[in-house]
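Single chain ahead, by itself, as structure tokens, in the form predicted on its own.
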Amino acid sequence: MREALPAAIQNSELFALYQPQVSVNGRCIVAVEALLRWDRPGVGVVLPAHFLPYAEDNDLIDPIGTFMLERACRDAAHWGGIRVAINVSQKQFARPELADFICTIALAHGVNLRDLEIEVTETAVFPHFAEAVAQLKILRARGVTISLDDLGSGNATKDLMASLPLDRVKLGKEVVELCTTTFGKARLADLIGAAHLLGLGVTAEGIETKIEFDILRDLGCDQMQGFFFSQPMPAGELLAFIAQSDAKWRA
């Protein structure tokens, strides 16, 4: 990993896939999440969970984050109004100019800042909480959507929702998977209700079955993402998929 990951950055082995997020009421694709992958020679496609922790610990997360931001903005410039969500890591929040950096890259690629979404996790914001809040406030004031990822998983709680400048929350896959249980349904109802009281939109990720879709819809979730709708796909396939999906759902 010590030799292969820096080489991957230099040799363009990293790439982005995009997973659609669907509006529950309109049944149309309103956003996509940019997902990092590594096409490692001799190994195949590697998921970020297998290499991002190493990148975080070895000062490689900044070039990787810059690559994803550049790639996602370059692709999003061709989509016209489809919001693209990008994850930001804790070490990126250590940069005092992060908000300016993000906006500069987006605008350089012709992306309206209202078509950009920054996803943060509890672990990303807490090590530099005051700095993270300040950067998120700047981004939000400029029109960027801010969402709290993995709500209900780990320690991402209602208290954190109220303390961050947010537009949306994303229910984590772990809590979504419990939706068919009495405890899980009550937990989801509590989180969704709290988010709506704060005026926040709610996206559920990890939706894989019609049962999960029906339960989350009935609980008031307004956007969803998961294999039930689509697997992550290359940018070149996205526009055709959006057109086909919208035509099918609106028929």
Ligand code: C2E
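Note that this is a predicted model, so its numbers are computed, not measured. Start at 1 with the first residue shown and count on from there.
Keep in mind that the form predicted in complex with the named molecule is not shown, yet the notes after this line are about it.
**Student:** Which is the contacting stretch out of 144-152, 109-117, 131-139, 94-102, given heavy atoms within 4.5 Å of the named molecule in the predicted bound form?
**Tutor:** In the other structure, the partner sits against 144-152.
**Student:** Can you tell me whether Cys179 touches the named molecule? I mean in the predicted bound form, with a 4.5 angstroms heavy atom cut-off.
**Tutor:** No, Cys179 is distant from the partner.
**Student:** Can you tell me whether Arg37 touches the named molecule? I mean in the predicted bound form, with a 4.5 angstroms heavy atom cut-off.
**Tutor:** Yes.
**Student:** Looking in the predicted bound form, any heavy atom of Leu200 within 4.5 Å of the named molecule?
**Tutor:** Looking in the predicted bound form, residue contacts with the named molecule do not include Leu200, since no heavy atom lies within 4.5 Å.
**Student:** Does at least one non-hydrogen atom of Phe227 fall within 4.5 angstroms of the named molecule in the predicted bound form?
**Tutor:** Although the named molecule is absent here, Phe227 would touch it in the predicted bound form, with heavy atoms inside 4.5 Å.
**Student:** Taking the named molecule in the predicted bound form, would Leu52, Lys173 and Gly206 all count as contacting it (heavy atom within 4.5 Å)?
**Tutor:** Yes: each residue has a heavy atom within 4.5 Å of the partner.
**Student:** Are there residues in 83-104 with a heavy atom within 4.5 Å of the named molecule in the predicted bound form, and which are they, in order?
**Tutor:** Stretch hits, in order: Asn87, Val88, Ser89, Gln92.
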